[in-house]
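A single chain, nothing else alongside it, follows as structure tokens in the form predicted on its own.
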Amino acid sequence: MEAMDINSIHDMLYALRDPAGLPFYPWAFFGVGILTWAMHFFAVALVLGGIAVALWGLHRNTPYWQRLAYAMANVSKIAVSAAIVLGVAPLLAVQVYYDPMWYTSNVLSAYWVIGFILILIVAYSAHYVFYFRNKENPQRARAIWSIIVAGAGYVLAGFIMHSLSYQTLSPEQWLNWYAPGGHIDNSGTRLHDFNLWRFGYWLALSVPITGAYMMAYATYWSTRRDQDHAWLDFVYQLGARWALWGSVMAAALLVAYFASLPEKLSAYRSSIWALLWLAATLLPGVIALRARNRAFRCGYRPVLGATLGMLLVAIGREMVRYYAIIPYYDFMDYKVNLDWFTTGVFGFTFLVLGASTLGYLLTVAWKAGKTEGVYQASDTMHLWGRFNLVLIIFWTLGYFGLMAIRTF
């Protein structure tokens, strides 16, 4: 069956668009999607990189490597929770402004969409098996199989999401995938499109991000006199090597991905967005190269560079989709039916409630880790905690109260 022409694809996509329109301007959803995806993938990178460090450290039977292995296994476990929570927002955002593409891709591979959840449950459960079996940090690791299963599960789940996302770039192929040879296949059992260079890039990108994190990790604990500074220096230098060579490896895979782009995306290769993406990939390594010989004085710079780089990578990634879809579909002309109520609730939840409560928790964690012995919160911290408690109660009562008023 021949691919659909541009006009047919255009009409199809606009027919699939939600007739109710958007409750706010499309550029806002676009921006939120990019920002939250960058935060999400930073956590994903720590999951994959943390497990890689743990497996390699358990293989290297030395005290420093063993200690780092258990530490990064625990970091990766916590990062999974962050990745799941932060992954909701970009998923919802792309469903808003690219709803015809995302839902069609999900229908074409429905079994894999459902399987993604099951695979993630198994992987996360296996991750906790490793944690509980080694919670006391024994001299000999137990249930190593569980963290291997966890890592493999996360990679498989990542590949599913990669394929689902990649399928959105080729609406001209949807009819062929749905009815190959003119015979309808609505089983949803196939992943129809993927790019191994691109997927390999995402796996490789976890290396420099994890390296930058390890440099920040060592810097954070270096202010404590009761810590083993020789071990922290080992972690710092290892992180610097990971950040440097991981950036180079990821950049090479990114160039290979650009070279593999189909003809319809040839203009993207020479665009400012491709250059921005490549520069952002190299950024953690460049900063780590300058910081590695300056010990803990510059230890936070690589992770800050990785954070900025991740945001720029997210922009470059999103622009690939824009270049692929713009011949047929422009999300910026989506009909807008302004709903200030829901937009206000979201803004208050995200910018006030979320910022205050998350800021409080992160501040407590930071101060507690910096304290030798038992951390005693100051009066200011106690006041901030009580304010957040009142804020949560107010938000809960206000949310359900306003919903009840609007409903009845």
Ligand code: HEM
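Remember, it's a predicted structure, so these values are computed and weren't measured experimentally. Residue numbers run from 1 along the displayed sequence.
The protein also exists as the form predicted in complex with the named molecule; that form is not presented, and the subsequent description refers to it.
Engineer: Looking at the named molecule in the predicted complex, do all three of Val88, Met161 and Arg198 come within 4.5 Å of it through at least one heavy atom?
Structural biologist: Each of the three qualifies.
Engineer: So the named molecule isn't shown here. In the predicted complex, which residue out of Trp174, Trp242, Trp202, Tyr213 has a non-hydrogen atom within 4.5 Å of it?
Structural biologist: That would be Trp202.
Engineer: What is the one choice in Tyr334, Trp221, Trp102, Tyr323 with a heavy atom within 4.5 Å of the named molecule in the predicted complex?
Structural biologist: Among Tyr334, Trp221, Trp102, Tyr323, a heavy atom within 4.5 Å of the named molecule in the predicted complex occurs only for Trp102.
Engineer: Using a 4.5 Å heavy atom cut-off, which stretch among 114 to 122, 305 to 313, 205 to 213, 127 to 135 contacts the named molecule in the predicted complex?
Structural biologist: Correct option: 114 to 122.
Engineer: Is Ile84 part of the interface with the named molecule in the predicted complex - any heavy atom within 4.5 Å?
Structural biologist: Close contact exists here: in the predicted complex, Ile84 approaches the named molecule to within 4.5 Å, heavy atoms only.
Engineer: Determine whether any heavy atom of Trp37 comes within 4.5 Å of a heavy atom of the named molecule in the predicted complex, and answer yes or no.
Structural biologist: Trp37: yes, in contact with the named molecule in the predicted complex.
Engineer: Looking at the partner-bound form in the predicted complex, is Arg317 within 4.5 Å of the named molecule by any heavy atom?
Structural biologist: Yes, contact at 4.5 Å.
Engineer: Heavy atoms within 4.5 Å of the named molecule in the predicted complex: does Val94 have any?
Structural biologist: Yes, Val94 is a contact residue.
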